[in-house]
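To begin, one chain is listed below as structure tokens, in the form predicted on its own.
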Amino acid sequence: MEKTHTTQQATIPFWRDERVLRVLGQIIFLIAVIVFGYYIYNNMITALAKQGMTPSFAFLNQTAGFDIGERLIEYERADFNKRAVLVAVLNTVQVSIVGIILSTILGVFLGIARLSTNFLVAKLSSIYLEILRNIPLLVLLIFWYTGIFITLPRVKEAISLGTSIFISNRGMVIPWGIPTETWRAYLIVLGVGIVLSAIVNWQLNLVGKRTGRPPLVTLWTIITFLAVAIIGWIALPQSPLTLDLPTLQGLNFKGGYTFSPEYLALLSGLVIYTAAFVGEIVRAGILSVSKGQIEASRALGLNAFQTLRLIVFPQAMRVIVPPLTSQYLNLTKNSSLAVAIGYPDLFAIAGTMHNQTGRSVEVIALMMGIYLSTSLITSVFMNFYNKKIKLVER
């Protein structure tokens, strides 16, 4: 009987075999996608050829011919377009990294505050989250720029924070350091500090796994780095940086570093908007931890902070990290709305470059590739971190 059943399975024709059909279906779908992609590409090439515009990225080696108001590196309008692209990428990356850090800090605070037993704290956090999550980001950015930063006092009536920080409708001016001859040596010291702090982090994590009560790993890691940085600063024969203080000269400030109102509006808008979503993610992660875990920690004599740090957050992170990754990606991509308030990010500079060169396809493809690369790098890092902190069931 078993022999007959085996013979029947062996004689099933391939066009009725489910295993073959699954593979065949995927192959057919892949071929269809390739054919469709080739059709679109060929149609684009043909249309561009009729206009005498063969796709080429040679325009990157042409003179840009336009100014960029805010930049992290030296740039002049006589530089090539590829230099302008680098300025655009650095502007976008700067806003994204600083925005991710600040929105995470504010979001964690809001998420914890909404679960507070204090009625006022919980309600204020709830109102903040509900309002900000239901306002379109573009509307928020325009309001933040035109209603807050542009209406600040003029330079001569600038708001002063202390004696060296000034806020006006031209932005915020702060003291800034100018590198000296020992700056390169100090960079080596900072590198040593990073290595030592990584070693301390690794050792403290080992202690935590061995004892079951990890110390303040992040705090001691930061303290180690700061200690090396301070000792290196003092030990060098000359200060690595000289302080450049801003002073009012005529109709503007000279010296220091100026954060433009466009940058401040974009950064603050992204932070307060994204923090609302981060707060809800943190709240959901904390609520996913069983109440029995909290009651057990209290029975062991742990206070509220120790319970949150040692019991709740380590378990909540497996729920928090995946949606948090999406919010980080959204913040990076939402920075393209900076074009509405005049901040020269990747999207704004790419638009100017398109107007200068007329290379629509190439500029858009370049812009998409850069945004895709930043998103993939962020995803890889967050997936690595998620894999590292996930609970291992035995």
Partner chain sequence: MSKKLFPIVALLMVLALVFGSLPVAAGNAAQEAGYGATLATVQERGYVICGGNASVPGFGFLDEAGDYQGFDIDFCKAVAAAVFGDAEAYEIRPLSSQERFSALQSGEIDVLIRNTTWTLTRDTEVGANFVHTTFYDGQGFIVRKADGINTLEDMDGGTVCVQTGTTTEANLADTFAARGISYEPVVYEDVETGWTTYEEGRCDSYTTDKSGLVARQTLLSVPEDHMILDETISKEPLGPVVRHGDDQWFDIVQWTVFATFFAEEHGITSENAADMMAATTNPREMSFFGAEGDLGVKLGLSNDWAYNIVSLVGNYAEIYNRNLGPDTATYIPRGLNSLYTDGGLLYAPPFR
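Predicted model, so just to flag it, every value in this text is computed and none were measured. Positions refer to the first chain, counted from 1.
The next section is about a form of this same protein that is not shown, the form predicted in complex with the partner chain.
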Q: Would you kindly say which of 97, 150, 105, 199 lies with a heavy atom within 4.5 Å of the partner chain in the predicted bound form?
A: 150
Q) Of the residues 205, 247, 218, 169, which one places a heavy atom within 4.5 Å of the partner chain in the predicted bound form? A) 169
(Q) Suppose contact means a heavy atom within 4.5 Å; in the predicted bound form, does that hold for all of 180, 225 and 387 with the partner chain? (A) no
Q | Listed range touching the partner chain, judged in the predicted bound form by heavy atoms within 4.5 Å, from 169-177, 277-285, 120-128, 319-327 | A | 169-177
Q) Any of the heavy atoms of residue 156 lying within 4.5 Å of the partner chain in the predicted bound form? A) yes
Q) Is there a heavy atom of residue 251 no more than 4.5 Å from a heavy atom of the partner chain in the predicted bound form? A) yes
Q.
Can you work out whether residue 365 and the partner chain are in contact in the predicted bound form, taking contact to mean some heavy atom pair no more than 4.5 Å apart?
A. no
Q. Residue 334: heavy atom within 4.5 Å of the partner chain in the predicted bound form?
A. no
(Q) Heavy atom within 4.5 Å of the partner chain in the predicted bound form: which residues of 58-72 meet that condition, in order? (A) 65, 66, 67, 68, 69
